[in-house]
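Form predicted on its own, single chain, as structure tokens, below.
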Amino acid sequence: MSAELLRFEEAHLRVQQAAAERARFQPPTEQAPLGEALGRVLAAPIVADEDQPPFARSTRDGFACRADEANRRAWLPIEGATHAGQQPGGPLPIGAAWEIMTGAPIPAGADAVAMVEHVERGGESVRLAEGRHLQAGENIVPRGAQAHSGETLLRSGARLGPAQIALAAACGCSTLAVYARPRVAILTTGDELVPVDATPGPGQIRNSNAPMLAALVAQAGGAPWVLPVAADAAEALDAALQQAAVADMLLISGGVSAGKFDLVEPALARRGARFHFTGVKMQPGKPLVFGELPSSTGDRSPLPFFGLPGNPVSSAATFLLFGATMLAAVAGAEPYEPQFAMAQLAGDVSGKPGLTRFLPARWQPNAHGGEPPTVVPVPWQGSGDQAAFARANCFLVVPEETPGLKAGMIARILIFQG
């Protein structure tokens, strides 16, 4: 196992390349009722079952008319009325108007809709108000303007959010073909760990990484499988890795540094692991390990794994920066990239030559419109500071080659919440 430390950008590229290779293996599919499809990954495209909209419709309450007639400001008698849900009315007589509601079908012969607030009404006639001008096609969505029957509207691999579910409903999809959620084994290691509901003794801590990683996995579309804590012993790790072999992805928290009881890399090597890298020039997360384990049965794709540092902020940062990218590929989803943005720094921040730093911070929209959001570093006591992490909603990125960042500078942030 090489002790080479990669630059963050090189490590990120290697994970991207491995994810692209893994994406060739499609997960099994299943049917999900539309009401249970939120967050799932589409396994078959959504196709328009008819033109959208299926008829020319009005986008405003007003009066359907011919634009050239309305622009003469002559009084146009109201020859009918149509509201949403009714059959199209008309045809519209020459020199007339048709009262119409938002969403209603346009009567044959009309080519525009004058908004109700843009006309004068006199009895059963209307005319365009002084200073108003109407263009042909104004306030009308033509038939098929959004989509044509048979057109693919959403490709396989798309993650289903509220907008995608609305689109599926509009196409009459009461169930959707989705990929099965990948089973992500979460293995925490260390003799110091006790269950969440236990009272830690001297030198012990509660196992907070397992529920945190399970939440991150679920948020990213995986099915978390939390394994029993593995003791700091070769036999315990070998048994745990054997149990995890049936998973679709493996996250190991702790035991990947260079100490006497950091036994994870040797255990992975005993199972024939192929290591893509065993360290990254970043803080937190420097000891990160990434690789693949061979299939235990020979009929499955290799098992991607990440050896995450044991400190909680390190585990979270490395999953968000690397693990989520691989999980998207395992899930059959479209390629995923960490959610970086730019923000204006509200205070000075020191750098650390040779390491890209990811510091807990809070971003918020700027009160002055058109200006970038602001970001404020959260005071913290290192990568074990869970309270600081809980107060943050992003990581502030301090580049490797930068001695520090000054207040007022535009800096990159990794958004993970809010």
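Since the structure is predicted, the reported quantities are computational estimates derived from the model, not experimental observations. Residues carry their position along the shown sequence, with the first being 1.
Beyond what is shown, the protein has a form predicted together with a small molecule; the following relates to that form.
Proximity to the small molecule in the predicted bound form, taken as heavy atoms within 4.5 Å, picks out 310 to 318 from the listed stretches 310 to 318, 120 to 128, 142 to 150, 330 to 338. A heavy atom within 4.5 Å of the small molecule in the predicted bound form is found for one listed residue only; from T102, Q243, N71, S208, this is S208. Think of it this way: in the predicted bound form, the small molecule has a heavy atom of just one of D238, E79, E138, D262 within 4.5 Å, and the residue is D262. The closest heavy atom approach of L193 to the small molecule in the predicted bound form falls within 4.5 Å. None of the heavy atoms of G285 is located within 4.5 Å of the small molecule in the predicted bound form.
The small molecule is not shown here, but in the predicted bound form it comes within 4.5 Å of a heavy atom of G254.
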